[in-house]
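Starting off, we have a lone chain in the form predicted on its own, written out as structure tokens.
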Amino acid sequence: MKLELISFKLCPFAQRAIILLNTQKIDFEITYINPMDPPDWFKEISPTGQVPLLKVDDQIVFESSVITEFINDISSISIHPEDVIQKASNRSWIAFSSTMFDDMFDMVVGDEEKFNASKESLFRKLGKLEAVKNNSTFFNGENFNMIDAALAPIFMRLAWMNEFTDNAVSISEFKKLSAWSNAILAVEEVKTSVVDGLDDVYYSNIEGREGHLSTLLVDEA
């Protein structure tokens, strides 16, 4: 089975898939495209015109949540919890967490008013996660599961924002989430899920958007 993941370098949903592929030691190729000017061949095979897209031999799997579930299905060991209720709960929180990317995007592109409103929305959601997170290393215990992979791109981007802005969006008030974030970002499969220098690309993206967040950037030097 030949797997080809198609996306762009900053895509957080593709990063989720890459983390799972790395964790499950599944061979794959990755092709990066410009989402603002996708090639014709991509338009022909993508039903939605969106990334990520997973090409499995000659078949297409699309929608990021379906892609991650497919990766788990073809793996020798599931990284969902075995308990069906806990598994369903995890899936619910994964879907819930995906709305955080909208808040983070608005924080990057918005003026000061939109930035503050989006940050408030994001922190309300983080507060709900903090309320259900226990004191274990990862979400369900000591094992890295799919929900941890799902949150990794969020925590990574928040870490970058804080590094670039002298902690303008610090999550230190969320003690459990802070510890969880540190544990996730220390996982090798998470660290290798992005290309070298992607943090610089993210910095440039914030700078180029010219939103309120760009005015909070500190000198990279």
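Quick caveat, the model's predicted, so the values are computed rather than measured. One-based numbering along the sequence shown.
Just so you know, the form predicted in complex with a small molecule exists too; it's not on screen, but the next bit is about it.
Taking non-hydrogen atoms only, residue 64 approaches the small molecule to within 4.5 angstroms in the predicted bound form.
Although the partner is absent here, residue 186 is not a contact residue: none of its heavy atoms lies within 4.5 angstroms of the small molecule in the predicted bound form.
Shown alone here, residue 11 lies within 4.5 Å of the small molecule in the predicted bound form, counting heavy atoms only. The small molecule is not drawn, but in the predicted bound form it has no heavy atom within 4.5 Å of residue 153. None of 43 to 51, 23 to 31, 191 to 199, 178 to 186 except one has non-hydrogen atoms within 4.5 angstroms of the small molecule in the predicted bound form; the exception is 43 to 51.
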